[in-house]
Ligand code: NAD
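One chain is shown next in structure tokens, namely the form predicted alone.
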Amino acid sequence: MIKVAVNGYGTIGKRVADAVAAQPDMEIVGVSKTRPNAEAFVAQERGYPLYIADIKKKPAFEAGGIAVAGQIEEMLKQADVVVDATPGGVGAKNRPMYEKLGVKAVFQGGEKHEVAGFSFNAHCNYAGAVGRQFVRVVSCNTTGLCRLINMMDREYGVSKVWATMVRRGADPGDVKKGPVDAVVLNPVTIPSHHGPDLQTVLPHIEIVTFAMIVPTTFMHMHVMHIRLRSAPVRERIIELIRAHPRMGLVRSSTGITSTAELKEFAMDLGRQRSDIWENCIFEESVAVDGDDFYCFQAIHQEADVVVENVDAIRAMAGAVRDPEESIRITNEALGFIPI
């Protein structure tokens, strides 16, 4: 069994912990929190040993009825791999601790590529993560871009990509940012960081990305335009999407035309937290024109990187060397059948 610690039990960390706990070849040795809150209660309810960075805060946890197993260093000493799900920038500060203790670490897309020196997507470069001490799972948007662009590149060859990210303003539970009434260019400059980030995984892809944030909390939406090296066939693209283990085709017969309806659909399907781990490509938007391919795809910012973290753990531990096998194990353990 691969022993996994989750440092940072928040939006991503709690999802990764549950996904890891569901795997047949992994177990959670502990999770960490910096303060007692609702997520700390959930961790205790799940049976995850809870560790804290500052042991002086132990009385505050215990006063709230939350048992503390010890300090983070004690958790890390039990782990083969730690998933660092702390806020962006904190992971880089944690790296020396992981190095000192000799534990492998998975970082998130909020960190720079340099924190690990290797950025990961299971379908694109799984083999490169095998046995590594440090791996960075790229962000939710970049994960979605990697899956689709890599699929199209393998089938037709990609000449150039133009992608516009219409990004959610905040996660559903994030009340700090308050109500929003604007479309904000984020950034104003072109390209956005998503294109260079994708090139840390697929360096040969020429891509220009644009990004903005809008007043919603549910999901991101991508407007995709991919120029291919050979003429695509729409029916073949539909086949590829349907066959892909981490892509879902939003069929026109569902009547779904929005991210809100997608989230409701996932909830009605019984998905835990109504999470959507796959790219959601709208069937009616799939279009070709000569060598050009177009589509809309929705990306659930809280969920699509979760399964990638699980595969990264398995690769780093050297437990499974075939990416398709790891993807299959991960998906089946979660009962994940693409939309």
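Position 1 is the first residue in the sequence shown; the rest follow in order. For clarity, every value in this text was computed on a predicted model and none was experimentally measured.
Not on display, but discussed next: the form predicted in complex with the ligand.
- Among 110, 191, 169, 245, the residue placing a heavy atom within 4.5 Å of the ligand in the model of the complex is 110.
- Scanning 285, 34, 274, 44 against the ligand in the model of the complex with a 4.5 Å heavy atom cut-off leaves one residue, 34.
- With the ligand left out of view, the stretch that reaches within 4.5 Å of it through heavy atoms in the model of the complex is, among 80-88, 194-202, 113-121, 256-264, 80-88.
- At the 4.5 Å threshold, heavy atoms of residue 12 reach the ligand in the model of the complex.
- Mapping the unseen interface onto this chain, residue 307 falls outside it, with no heavy atom inside 4.5 Å of the ligand in the model of the complex.
- Taking non-hydrogen atoms only, residue 72 approaches the ligand to within 4.5 angstroms in the model of the complex.
- Mapping the unseen interface onto this chain, residue 291 falls outside it, with no heavy atom inside 4.5 Å of the ligand in the model of the complex.
- For the partner-free chain shown, just 140 of 140-165 comes within 4.5 angstroms of the ligand in the model of the complex, judged by any non-hydrogen atom.
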